[in-house]
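Next up: a single chain in structure tokens, the form predicted alone.
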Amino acid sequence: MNKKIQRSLAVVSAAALVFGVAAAQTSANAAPKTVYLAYQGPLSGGEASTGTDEQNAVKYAIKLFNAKNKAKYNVKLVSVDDQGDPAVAGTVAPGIGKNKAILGVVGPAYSGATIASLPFYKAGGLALISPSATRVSLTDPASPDFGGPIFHRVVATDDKQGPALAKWATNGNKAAKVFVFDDQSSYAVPLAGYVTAGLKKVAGASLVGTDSVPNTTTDFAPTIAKIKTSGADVVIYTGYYSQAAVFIKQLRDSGSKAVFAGGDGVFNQEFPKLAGVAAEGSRITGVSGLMDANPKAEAAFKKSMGVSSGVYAVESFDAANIFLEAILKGNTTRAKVLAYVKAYKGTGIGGTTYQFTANGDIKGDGFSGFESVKGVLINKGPVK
């Protein structure tokens, strides 16, 4: 309060002063309530592109919400960078779990980071909605990885993706000889298992070899030697895009013309950029982007955010909006937000109906097949 106002108040009557105080209190009560949501994913390191894409979609959802509801709420975003690494996630999650001002987390993005974070978030009763963590065990009550009651996801699981990847990788090949390998991560190993199981249902396909290499591998010569010895004409990798780009370059340099395919860990527009011409023709499974789901929304996103939407934009945007709807309806404690999420039923920006099972999965599934064409992953439609 400045001196001029102080002098004015000094000469008003007691009644007027009381009225002024009451008016000030009313004004204060009318101020928008500040609440916090978090996004957790890889915002630095080799997988940063995925986290940046997802967080941009969350930022956009919050930006729209705040503009529409500025008289009631001011939602702020807390960025949680776990680098997609369980070891890092275990160091950043404790503080988020204890900070009761944070009402919900969009994420974690990766399955391994989710597993590492869960104990801290369970202790804090903090609701999670992941746009991209697909490991089946996260929603399996019999598994030590089970995320209930706080974990939810708006993406289909790897027991659905594995068979879809097997079909897409071998599409058009009536006698496919398939080599499958993983990066030893908590995401890649089980997905590789679902792929090999799915291959058994692909007519004419046979599994001719497998391998498992650390996610720090830079020299894939031993794996490439195994691929050549096996006679494989299809190679399926279940790790992440940054390492896939290194591998495919070395595979092509070796002279191999085998079809290369990867799961949603490779599903990132950075993959063909990093791999260059070596990525041409690669087949990837993933989910439809914002442009595929709603072109008008994509145009609005690009105008508002200054960049195109990226991978898992739809899922990240929709996950954020579930939390934002909870807040708009007055749920501003962790317990109330969690209860709202568990009972949620609504429609996302792409028309998907979201409703969670008791264990946190969505009721429904679906993956699309993408192909790398001239440096861009092109959606070729749902894998059936």
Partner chain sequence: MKIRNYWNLRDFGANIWEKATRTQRVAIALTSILLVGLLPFMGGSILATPIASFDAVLVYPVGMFVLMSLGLNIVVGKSGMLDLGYVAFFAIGAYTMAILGTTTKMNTWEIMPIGIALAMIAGVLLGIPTLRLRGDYLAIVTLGFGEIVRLVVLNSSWSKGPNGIANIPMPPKIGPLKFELENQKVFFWVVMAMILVTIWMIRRLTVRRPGRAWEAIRQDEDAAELMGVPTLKYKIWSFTLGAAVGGAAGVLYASKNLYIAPEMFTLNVSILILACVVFGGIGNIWGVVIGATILGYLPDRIRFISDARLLVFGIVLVVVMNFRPDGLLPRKKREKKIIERDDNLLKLENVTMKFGGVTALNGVNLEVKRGEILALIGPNGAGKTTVFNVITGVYKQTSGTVTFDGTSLGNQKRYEVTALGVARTFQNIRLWGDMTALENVITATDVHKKSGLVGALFGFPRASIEEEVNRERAHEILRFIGIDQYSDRLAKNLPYGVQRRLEIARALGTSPKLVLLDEPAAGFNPAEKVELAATIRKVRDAGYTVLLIEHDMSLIMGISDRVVVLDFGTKIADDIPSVVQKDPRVIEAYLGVPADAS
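Numbering follows the first chain given and starts at 1. Remember, it's a predicted structure, so these values are computed and weren't measured experimentally.
Keep in mind that the form predicted in complex with the partner chain is not shown, yet the notes after this line are about it.
| request: Decide whether residue 286 counts as a contact residue for the partner chain in the predicted bound form under a heavy atom distance cut-off of 4.5 Å. | output: Contact with the partner chain, no.
| Partner contact for residue 84 in the predicted bound form: the partner chain, 4.5 angstroms, heavy atom | Yes, residue 84 is a contact residue.
| request: Evaluate residue 145 for contact with the partner chain in the predicted bound form, applying a 4.5 angstroms cut-off between non-hydrogen atoms, and reply yes or no. | output: Flag for residue 145 set to yes.
| query | Looking in the predicted bound form, any heavy atom of residue 88 within 4.5 Å of the partner chain? | reply | It does: once the partner chain is placed as it appears in the predicted bound form, residue 88 has a heavy atom within 4.5 Å of it.
| query | Using a 4.5 Å cut on heavy atoms, which of 43, 62, 326, 35 is close to the partner chain in the predicted bound form? | reply | Selected option: 43.
| task | Counting non-hydrogen atoms within 4.5 angstroms of the partner chain in the predicted bound form, say which of 302, 76, 98, 72 makes the cut. | result | Exactly one listed residue reaches within 4.5 Å, namely 98.
| said: Among the candidate stretches 259 to 267, 107 to 115, 160 to 168, 198 to 206, which one is within 4.5 Å of the partner chain in the predicted bound form when only heavy atoms are counted? | reply: Of the options given, it is 107 to 115.
| query | Which residues from 179 to 211 come close to the partner chain in the predicted bound form, meaning a heavy atom within 4.5 Å? | reply | 184, 185, 186, 189, 190 sit within 4.5 Å of the partner.
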